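Take a look at this single chain in structure tokens; it is the form predicted on its own.
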């Protein structure tokens, strides 16, 4: 069975003289992959844009031990009606190159730069060729995601490499600005708070920001490389640590990707518990971030109350599920935790109580002129820019982009629920906070509905890995937005490639746009209103 989306898009491409063929090693069978010629790569992206398809992700993979030596590039798109489409092209393994698609999808630029860093794939026509994840201490000819780079490789200390003349001594070429009254200043990568490292380079006149450029990669951990050689069960533990505040969503994306590849059905009770866990994770993070925005806007009372509520949730998570951040609760085939009748009641009572108190605090927030003056109209991202970037999650829903995998893909248990995603348009800090309040209320309703509908039954189905060369693709709606994941299994049930795209990889671009024309003191509350993940970006 070939997926309707692939049939539809293959016909669209054929009408423009672009040849495709189906690859049947992608699962589920309804999610086959289209192979296209390398010379048609950019034309495919152009046609996808013409059909109003949303860009999802871009990644590469070398052929595993089961196949001939080869290097492939992949990209994925989503269409509101026809859903996901996957495409692959074969590259010259010795001198790989790929046409740039950023003229059609600007959010692909950093992913293309990562392909150059990690795989040595030359992207022809790329407007920004600076290294992205590889910092200056990495030799230019070293590409960590190639199979010739063992996972246990230890690079020489920077000082030794510099003294040996093996590294360029020039720093990162940040964008320059010149003119009367324009000044430039750096922030980070080490910050005053206990947050992950990221560098922000500002150009400003007086207190008004003209431009802000981001630089990440400071916590690049080699996550995708580390997946190589793991079993699916081992991989689930790693997936939940990709971004600590999205432990459930990333573990679910990984597990479901593996399950699709293996044609594995998950017990109904486990499916319901996954939904409960993910919605609780969504509530906790939105509550914490609403408090953070208020704190950066000088409204400390709101922050104290929100952090108290989040702490109450974390303590119950520890008590009921074994971990404050809900790590290691989802594995391929099911879940590792359960709720008895008393625990279900406790969870329902706390969810209802927190939802009520958040609504009371929302009234106080809305009536506080000091915080409203700071958030209304600050850091706006227009609908046009949000669509161009492909802004995801609550940030997208605040700017007129309403993509939500719980609704569009309707994977279980959301296929039985009426998920109501908030719809904003103004795209400023106030609207992003409004969306978060709305999502707290909606997720609370969903948790209560799922707890009421929790059936009896087993928690796990034994995971049996598929045959070598089998791949699976999946997209999960985490609290920040869509997480897209692709896995391929090698010999003996071992993973030989896992590629994952956290929503922050796209949404960081939205923050850059949002802060233009914003006063410098309002950058922190704008940053918190997006709260993108550094760790989820620096894989």
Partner chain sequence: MIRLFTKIIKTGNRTEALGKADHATELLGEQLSSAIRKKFQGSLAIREVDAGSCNGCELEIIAANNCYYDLERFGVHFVPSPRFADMLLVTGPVTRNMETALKMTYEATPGPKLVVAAGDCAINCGVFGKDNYAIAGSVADIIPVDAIIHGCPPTPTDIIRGILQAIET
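This one's a predicted model, so the numbers in the text were calculated from it and none came from an experiment. Residue numbers count along the first chain shown, from 1.
In what follows, reference is made to the form predicted together with the partner chain, a form of this protein that is not presented.
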query	finding
Contact assignment for the partner chain in the model of the complex, among 127, 197, 229, 298, heavy atom within 4.5 Å	197
Heavy atom within 4.5 Å of the partner chain in the model of the complex - residue from 147, 153, 349, 458	153
Stretch in contact in the model of the complex with the partner chain, which is absent here, among 381-389, 311-319, 73-81, 258-266 (heavy atoms within 4.5 Å)	311-319
Residue 336: touches the partner chain in the model of the complex, heavy atom cutoff 4.5 angstroms	no
Distance check, residue 140 to the partner chain in the model of the complex, heavy atom within 4.5 Å	no
Partner contact for residue 189 in the model of the complex: the partner chain, 4.5 angstroms, heavy atom	yes
Partner proximity in the model of the complex: residue 102 to the partner chain, non-hydrogen atom cutoff 4.5 Å	no
Full three-residue contact with the partner chain in the model of the complex, heavy atom 4.5 Å, for 220, 323 and 360	yes
Sequence-ordered list of residues in 522-539 near the partner chain in the model of the complex, where near means a heavy atom within 4.5 Å	535
